[in-house]
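Only one chain is shown below, in structure tokens, and it's the form predicted on its own.
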């Protein structure tokens, strides 16, 4: 097989998953941080990687390619395409470990995007999502594309998948983004392990809870298509997962109250598995006010505000 190049470098942004109403389904790209992965062609059909460390983390990332989020998908790619060559990988982590900002997904996406560009026949976006999910599952213990999809596509996405014995059917829908929609993300500078945060969740909910949650999700998505921020705000809440995870995040209640007490804030909840917290707002001025209020409630944290926009997904870089 003819190779397109010998080396490529890709960046993938952080992301906020769940968005309160869409557990394991919804996510949006957060251009506040990201991971950069460099992939080079290796002569043997194996994957090797250089030792790397995440910001704020005491330990190094796994060096076993099957246990590293940036490389697990590449191992599967070599197997599936029966490649005669392999990949050497180096990772520059810009997203803190266990931050709830899609760090494992970003590394996996960046690795797949870079590797795809080196092949004569590159991967489709659907294939990229699939191989990135192989890496994401290493960190989370399950297949869900609510971080992978927005990190790859950018903007706001709905990702559904159905795993069966033969394949993994993936469908990503790029959702419309209402005008003047802004976000605040607060990171408390602590870690929450995704597998642990998933492990504490109850496997079953009542029929009433299911109906109410389905109604909120449907109304929320309807608000996106109608460009109706008020409709979105009335349904931007999580009565199922958030109550089970809130105790994992010190000061969560105070930060949430501070955000919701700011005029123009549509909603506030946990970003992914936490500990980061996000709030959606009407416009930049409200976002800045909410950021100040949230930081006052959690003085040791870091916070960012940004417009939610399309076109800010993973990309190749020089």
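Only a predicted model underlies this, so the values are computations on that prediction, with no experimental measurement involved. Positions refer to the first chain, counted from 1.
A second form of this protein, the form predicted in complex with a small molecule, is not displayed here; the remarks below concern that form.
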Query raised in the report: So in the predicted complex, are 17, 198 and 245 all sitting within 4.5 Å of the small molecule, heavy atoms only?
Result: yes
Query raised in the report: Just one of 38-46, 280-288, 61-69, 266-274 has heavy atoms within 4.5 Å of the small molecule in the predicted complex; which?
Result: 266-274
Query raised in the report: Just to confirm, residue 99 within 4.5 Å of the small molecule in the predicted complex by heavy atoms?
Result: no
**Report entry** Distance check, residue 140 to the small molecule in the predicted complex, heavy atom within 4.5 Å
**Finding:** yes
Query raised in the report: Is residue 93 one of the residues lying within 4.5 Å of the small molecule in the predicted complex, judged by heavy atom distances?
Result: no
Query - residue 144: touches the small molecule in the predicted complex, heavy atom cutoff 4.5 angstroms - result: yes
